[in-house]
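Single chain ahead, written as structure tokens, the form predicted on its own.
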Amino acid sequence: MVDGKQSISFRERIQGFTRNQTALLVLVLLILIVVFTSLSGGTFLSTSVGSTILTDWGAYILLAVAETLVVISGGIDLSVGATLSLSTVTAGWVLVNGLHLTSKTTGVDAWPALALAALVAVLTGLLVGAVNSVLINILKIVPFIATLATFGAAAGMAIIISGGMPLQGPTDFSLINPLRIPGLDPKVFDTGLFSPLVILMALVTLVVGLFLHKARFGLYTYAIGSNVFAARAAGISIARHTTKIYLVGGALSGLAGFYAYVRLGGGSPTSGTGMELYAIAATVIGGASLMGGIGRMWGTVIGTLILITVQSGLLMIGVATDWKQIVVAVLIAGAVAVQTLQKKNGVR
């Protein structure tokens, strides 16, 4: 009888663990790190690889955060990658063709220009978000079709504005390079992991996460995604709040465009190509339901890390980059399948 009680208790603990989405994601991430470290002969656990993963994470996380907000509200945004491309190109055009600045302006001298580039990129993202909200709330087009339309328009505009070529302008690569602890020899203590811009992306993610989980903004977002009719009956303005969500998503995508500008040293019309798939993948892997009403910012953060870790790990062990999108598709299918099984078992 005692053994039976112990068995039930153990089973309950296992069930409790499987209900903890964040714990499961952390476990998956740790397993991936161990596997890739073993297969790469220990190289995968080096600081340089960690820095590369975090730099790539910074490129994707804001798009994933933007997608998370939309998905929790019961929508979808296919335009985040194209918005990134348009934002980084617009910022580059203003600096290169508008102010006639060149790539010779570097370091601290480039900071005023980079601040302007950040502003232009965010405003461009806000404009795309506004167009999405008009299509959805005023013209009553479903989010999938509305954002598919802005995806095509933004991608096309990025090519038209740039002429199909990168716009090389002022930049400061120290903003994207890992920080070092002063006084330590990097040959002996290779401590660089986080760059200033990666830290900025993390802070922005934290702030948005706090609004999602601690503020009325998040409460309304979950309410609309869970039951739009009940949310409307409770006095929530669906159109107004949906507009806020797409504006925030556009601004985040625009800021991601600024990140791409600094990373590449200019605005490229292909910077965001295909990134909407990775944003959706990170969101779903993180536990957000495509049916709406379910999702956690921590899940998206770890989901993005898992996605980047898999890509970097496969590259290190010699898997061709052509398999990258196939792996992402498998991860999306697997994450949705897990959500379906959890739903059948009463886990939310």
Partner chain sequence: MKRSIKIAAAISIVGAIALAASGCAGASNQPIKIAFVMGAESDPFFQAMKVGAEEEAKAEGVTLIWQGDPSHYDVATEVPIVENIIAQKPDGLVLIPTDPDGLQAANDKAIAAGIAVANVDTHVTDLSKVVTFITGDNGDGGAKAADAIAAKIGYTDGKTYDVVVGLTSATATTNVARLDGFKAAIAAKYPGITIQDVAYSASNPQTAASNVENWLTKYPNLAGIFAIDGTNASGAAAALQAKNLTGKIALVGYDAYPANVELIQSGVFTALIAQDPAAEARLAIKTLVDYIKNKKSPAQRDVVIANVTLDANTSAADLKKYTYVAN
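Numbering follows the first chain given and starts at 1. Since this is a predicted model, take the numbers as computed values, not measurements.
What follows is about the form predicted together with its partner chain, which we do not show.
(Q) Given the stretches 315 to 323, 64 to 72, 286 to 294, 27 to 35, which is the single one in contact with its partner chain in the predicted complex, using a heavy atom cutoff of 4.5 Å? (A) That would be stretch 315 to 323.
**Q.** Candidate from P112, G98, G274, G107 lying within 4.5 Å of its partner chain in the predicted complex - any heavy atom
**A.** For this set of options, the contacting one is G274.
Q.
To verify the annotation, which of these, Y222, F173, F194, F211, has a non-hydrogen atom within 4.5 Å of its partner chain in the predicted complex?
A. Comparing distances to its partner chain in the predicted complex, the residue within 4.5 Å is F173.
Q.
A146 versus its partner chain, in the predicted complex: is there a non-hydrogen atom within 4.5 Å?
A. Judged by the heavy-atom cut-off of 4.5 Å, A146 is well away from its partner chain in the predicted complex.
Q. At the 4.5 Å heavy atom threshold, is N137 in contact with its partner chain in the predicted complex?
A. Although its partner chain is absent here, N137 would stay clear of it in the predicted complex, with no heavy atoms inside 4.5 Å.
Q: Mark S226 yes when one of its heavy atoms lies within 4.5 Å of a heavy atom of its partner chain in the predicted complex, and no otherwise.
A: Residue-level check for S226: no, no contact with its partner chain.
Q. Does the 4.5 Å heavy atom contact test between M165 and its partner chain in the predicted complex come out positive?
A. Contact with its partner chain, yes.
Q.
Using a 4.5 Å heavy atom cutoff, which residues in 72 to 104 contact its partner chain in the predicted complex? It's fine if the answer is none.
A. Going through 72 to 104 in order - heavy atoms within 4.5 Å of its partner chain in the predicted complex - the hits are L84, S103.
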